[in-house]
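To begin, one chain is listed below as structure tokens, in the form predicted on its own.
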């Protein structure tokens, strides 16, 4: 039986970002059920860091994370981000939503400006403009296009450099409490740990049940993305990440000739290896053809991934009430990559009783807002 101080269950961006941060001061092992890190959610993410996602807490976490995400890589790590503008577009009847988003960008001192539809089309030439399409927009030059694979692999390397490790193909089958330690049986062996971190994403409630710990009602939601061709003989790589301020779509250049698009769907799902459904693919194609001049003659590729949310759509971070050394790190929704530096710092603070980040105190964001027992009190 292998002895571990901190055993993290789940090798997505949540588990790996935390593992890399805490491994220098606690012997850390990550167990990932699948054959590669980030298999179900993180590896299928279209990772853009921008302020058009979430509400006040999520946006504060994003602001805390941007500098680290944009930093030059150390050693021979691959860059995890590049500057890439984000264009937030609005119809004429969405002016109030665009006003609110402008206030957010001003609050966080972003490099942005507001433009009319015709100016937005100069940045994304395929946009239709007018009251029913792109009437006005905000262009944010501080947004980041994140390399999900580089981030995951970089965290794995940092974890191993600090003396920790990750095992893939290590599905957890049983968890017991014995003599003040957790005994975790997996398909890759049995481990005895001082503490468990539940970073299992869509399967977080199932891991809690194995440990005889109350679940928190994590809801996996399926999102579908398609890959389409850009206009013939046009290099689309400079086009901005473009997103509607309300429900609608987003579209992002991928290389010089392809675009990724999504209807931003959030279909409740069981924990599973998500696959795209024909209706979702058709919905994306329809919305893109309605809002742009892009003809979609063929869909090159499509996929779906799970994004996992708590009931209030905020992360769940902290020790389970009444269950010693069972630490929740789940519910990071669709913003896990862009907030991962801040969330790993928060988890480290709560796990080891370290000082709460000053940025959160100034923003009146407190540990109770992330605590798993907040759901118990509501029940």
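Positions refer to the first chain, counted from 1. Everything numeric here is computed off the predicted structure, so don't read it as measured data.
Keep in mind that the form predicted in complex with a small molecule is not shown, yet the notes after this line are about it.
Which one, 166, 291, 101, 207, lies within 4.5 Å of the small molecule in the predicted complex by heavy atoms?
Contact residue from the list: 207.
Thinking of 9, 46 and 203 as the candidate spot, does the small molecule come within 4.5 Å of a heavy atom on all of them in the predicted complex?
Yes.
If contact means a heavy atom within 4.5 Å, which one of 155-163, 188-196, 223-231, 80-88 is the stretch that engages the small molecule in the predicted complex?
Result for this chain: 223-231.
With the partner left out here, check for me: in the predicted complex, does some heavy atom of residue 305 sit within 4.5 Å of the small molecule?
Answer yes; at least one heavy atom of residue 305 falls within 4.5 Å of the small molecule in the predicted complex.
With a cut-off of 4.5 Å between heavy atoms, is residue 171 one of the residues that contacts the small molecule in the predicted complex?
Yes - in the predicted complex, heavy atoms of residue 171 and the small molecule come within 4.5 Å of each other.
Decide whether residue 328 counts as a contact residue for the small molecule in the predicted complex under a heavy atom distance cut-off of 4.5 Å.
Heavy-atom contact with the small molecule at 4.5 Å: absent for residue 328.
Should residue 52 be counted as a contact of the small molecule in the predicted complex, where contact means heavy atoms within 4.5 Å?
Output for residue 52 is no: heavy atoms all beyond 4.5 Å of the small molecule.
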